[in-house]
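In structure tokens, one chain follows: the form predicted alone.
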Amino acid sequence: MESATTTLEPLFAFLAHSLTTVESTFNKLPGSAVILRYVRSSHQNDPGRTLLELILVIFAIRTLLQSRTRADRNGKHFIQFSDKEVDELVDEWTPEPLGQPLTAQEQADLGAVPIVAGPNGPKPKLVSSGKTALNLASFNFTGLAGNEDIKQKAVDTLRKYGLGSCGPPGFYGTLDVHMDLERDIADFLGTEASILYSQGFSTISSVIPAFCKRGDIIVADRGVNFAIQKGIQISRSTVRWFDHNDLKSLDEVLEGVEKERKKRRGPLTRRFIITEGIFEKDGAMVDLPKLIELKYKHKYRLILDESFSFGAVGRTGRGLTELYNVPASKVDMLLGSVAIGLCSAGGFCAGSQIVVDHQRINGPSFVFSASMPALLAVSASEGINILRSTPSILTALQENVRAARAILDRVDCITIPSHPASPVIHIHVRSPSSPAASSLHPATASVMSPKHHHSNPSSILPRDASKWNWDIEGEERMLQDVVEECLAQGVMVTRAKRLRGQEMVEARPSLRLALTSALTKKETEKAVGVVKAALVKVISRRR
């Protein structure tokens, strides 16, 4: 026994020396005292946990040292092909298309799109004929597209800053011109602050989920556009719908939400009203003063999308707040399109400083998307300066709107759901069997809503949705014939394009006119006269 002990003494001495060396080396490492204190505390409280962590550390080291690309050396899981078999397999392989092939109708629609030579504007030159056309298809309400002063400012900015912003706003993508534009928008509208988004579509679809979460209440118009629908879906909030542009229906739905909460004794949650200023689907306009009154009455926050009213209505283009003389501070989140209203790109959300700061860390599109190019921000700021200094632009626009409506309102074969002051005019083909049913799916609920019974607030479809019997494909073909007839006469118009099968409510086909102050009243009357003649010709021929 003594001889065995004597034999192992050198081994014990070596192990003791090695452990001492390892301990002294470990103690020299930064943070070693913290790790040692953690291990001692963990072992004292739960020795089993120490053993489990040791096993996990050993497993992690083994995984790191093990080759992840080690091949099966015996090859039992692999099939060896000859060169001939490989060639045959390659010949037989047919690559799948990245997208579905276009249908015959889609190919026809694509082929019918006019090609413009040079910049777009109120009078673009067509490649097919070499002649200029009067443009009622593009959103250029105040004629800022093609403005020479804006163009020169953009060129100077391009030479100074280059093209791209090279990053999201929170990660070296914000330039001084972006901050200038945010201040210009806030000052123009009369709000504390504003935040800039680089894509118009993703503005409202980012703002809604930034504020509305699961368990919150959203009461929305049945006629809201596709971007708002996406934002509502992303938010996962509880949604209640009111009839399109019917504020009496809104009042009843708000009362019903409160009664439902009291009945089930639910807690107070954040509650929002979401609607549009001028609706993208039909050009209808909301009664903003009445909407503000209901907002305060029921204690809701208001998210107002003015993508088609900012830069289009009001004495200087400030939108519905200027048109109705309502302070912008009464709208909690006021959104607009820089792309449409200022002929640049992107969108904005204006409101209090708290509302804006919240979006800088919670707005998905703001956080993860690159900032807009500097030249577009400068172009938008210059557009605001032009609207401030030249209110006659909006006066000319409204004169053109009145002139166009004076011509179109006398046409018996169509209906127009758009507001008389809206520069976006939607035209529907009147149904000979039931004229009242010839509107956009949710477009005239304020006119058509039943007096004695109401729609289900939990469904986006109104109660009379089962009575919609129009032929979508047939009407789209008819309206496309009108578009082509107008183009042959030198006037550019377009059908309202829809994402069929993706929107919550299928909108009825419509012909969409976008009026502009860049055309004179005579030119507008001439262009709308061509549209009227094409409508009468095509519709009478089809019937």
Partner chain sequence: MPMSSPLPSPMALNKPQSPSMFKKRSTQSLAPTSAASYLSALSQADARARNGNPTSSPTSTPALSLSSSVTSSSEDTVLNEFELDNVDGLSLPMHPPTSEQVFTTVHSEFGHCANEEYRLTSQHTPGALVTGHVDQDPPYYILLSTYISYLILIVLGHIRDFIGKRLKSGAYKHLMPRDGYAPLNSDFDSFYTRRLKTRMDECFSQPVTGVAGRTILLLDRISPDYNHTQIFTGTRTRALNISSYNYLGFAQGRGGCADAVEESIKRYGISSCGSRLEGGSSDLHTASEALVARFVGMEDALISSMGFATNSTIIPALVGKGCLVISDELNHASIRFGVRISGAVVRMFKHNDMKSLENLLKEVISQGQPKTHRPWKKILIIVEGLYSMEGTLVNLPAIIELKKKYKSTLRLTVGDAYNHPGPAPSSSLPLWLSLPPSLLSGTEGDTRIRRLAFNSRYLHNGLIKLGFITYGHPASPIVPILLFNPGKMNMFHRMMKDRQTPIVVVVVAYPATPLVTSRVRFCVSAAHTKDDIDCVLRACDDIGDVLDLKHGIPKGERWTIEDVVSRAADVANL
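The structure displayed is predicted, hence computed values, not measured ones. Numbering follows the first chain given and starts at 1. C-alpha atoms forming the largest set that superposes within 1.5 Å between two forms make up the rigid core.
Keep in mind the form predicted in complex with its partner chain is missing from the figure; the text below concerns it.
None of the heavy atoms of G314 is located within 4.5 Å of its partner chain in the model of the complex. Looking at R159, you'd find a heavy atom of it within 4.5 angstroms of its partner chain in the model of the complex. At a distance threshold of 4.5 angstroms between non-hydrogen atoms, S205 is in contact with its partner chain in the model of the complex. In the model of the complex, its partner chain sits within 4.5 Å of a heavy atom belonging to Q502.
Listed stretches are 130-138, 392-400, 467-475, 409-417; the contact stretch with its partner chain in the model of the complex is 130-138, by a heavy atom cutoff of 4.5 Å. The three residues P119, F201 and V355 all sit with a heavy atom within 4.5 Å of its partner chain in the model of the complex. Of the residues given (L291, V239, I386, L375), L375 alone sits with a heavy atom within 4.5 Å of its partner chain in the model of the complex. Distance criterion of 4.5 Å from any heavy atom to its partner chain in the model of the complex singles out K230 from the list H428, K230, R405, R318. In the model of the complex, the residues of 486-525 lying within 4.5 Å of its partner chain by at least one heavy atom are, in order, M492, T494, R495, A496, K497, Q502, R512. After superposition on the rigid core, displacement of the C-alpha of C166 between the shown form and the other one stays below 2 Å.
Superposition on the rigid core between the shown form and the other one places the CA atom of Q100 2 Å or more away from its counterpart. With the core held fixed, the Cα of A406 is displaced between the shown form and the other one by less than 2 Å.
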